[in-house]
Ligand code: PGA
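Below sits a lone chain in structure tokens, taken as the form predicted on its own.
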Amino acid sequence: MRTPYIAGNWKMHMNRADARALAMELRDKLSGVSPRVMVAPPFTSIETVATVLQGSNIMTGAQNMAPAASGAHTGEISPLMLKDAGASVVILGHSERRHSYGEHDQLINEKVHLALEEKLEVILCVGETLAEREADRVAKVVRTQLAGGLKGVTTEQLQNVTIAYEPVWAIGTGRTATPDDADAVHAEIRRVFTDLYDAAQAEKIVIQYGGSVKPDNVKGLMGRDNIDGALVGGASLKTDSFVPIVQFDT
């Protein structure tokens, strides 16, 4: 049985004081919930949030990282720095990194390997653009991104990997894939895992949905067989929207 996993991606929002206040509210209101919960603040607030959440049931994550542990990489943040600040999870391959900053599968794969070597959990994001969906290329895009991002990742390492399916056209737009459409892609992702690994790993892998997840649509999404959680953007910035999402089963 896969444990539901809800993650909040705060993106480039909030200063440290705001991040601390939100983390304190979430710590109190989400104590004892059954899903796994993670929040990923901006780099500047990771230590602040991790300090608030220390000892709680909410993990602290990061939104990205460099493909190097140290060195002359101006403006980058290494996995060692993330861990030192208190992060235990990192989101990699987010569509905004792919499409706004040109990150490709080979680079993302390098990051995945380094994160796993440094004992960080990974949320690997995959998903198609609207043009790719309209061209009936969803399965091909998802398969290519998964094969590229997971190249060389062992079965043993997969226990620290979560997949997030996030259709690019649904991120921050208010548009959401229907539960049936999302579940169909999640089922395709499981078929890819059967091909890349085996049926047992396909059944084990936790797959989140990301793309305008809100309190009023989360139950419909989470009610599908292949959807195990959510990677939440804008709705994770306020307790009155993120808390009901995490508590979808109450």
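Since this is a predicted model, take the numbers as computed values, not measurements. The numbering used is simple: start at 1 and walk along the sequence shown.
As for the form predicted together with the ligand, it is not shown, yet the points below apply to it.
Task: Segment assignment from 74 to 82, 149 to 157, 93 to 101, 131 to 139: heavy atom within 4.5 Å of the ligand in the predicted bound form - done: Result of the contact check: 93 to 101.
Open item on the list: I'd like to know if S45 sits close to the ligand in the predicted bound form, meaning any non-hydrogen atom pair within 4.5 angstroms.
Closed with: Looking in the predicted bound form, residue contacts with the ligand do not include S45, since no heavy atom lies within 4.5 Å.
Open item on the list: Can you tell me if K11 lies within 4.5 angstroms of the ligand in the predicted bound form, counting non-hydrogen atoms only?
Closed with: Looking in the predicted bound form, residue contacts with the ligand include K11, since a heavy atom lies within 4.5 Å.
Open item on the list: Can you tell me whether S212 touches the ligand? I mean in the predicted bound form, with a 4.5 angstroms heavy atom cut-off.
Closed with: Contact check for S212: yes, within 4.5 Å of the ligand in the predicted bound form.
Task: is_contact(I108, the ligand) in the predicted bound form, heavy atom dist at most 4.5 Å - done: Residue-level check for I108: no, no contact with the ligand.
- [ ] Let me know the one among V89, I171, A177, L116 whose heavy atoms come within 4.5 Å of the ligand in the predicted bound form, would you?
- [x] If I apply the 4.5 Å criterion carefully, the residue I get is I171.
Task: Members of 220 to 247 lying within 4.5 angstroms of the ligand, judged by heavy atom, in the predicted bound form - done: Residues within 4.5 Å: L231, V232, G233, G234.
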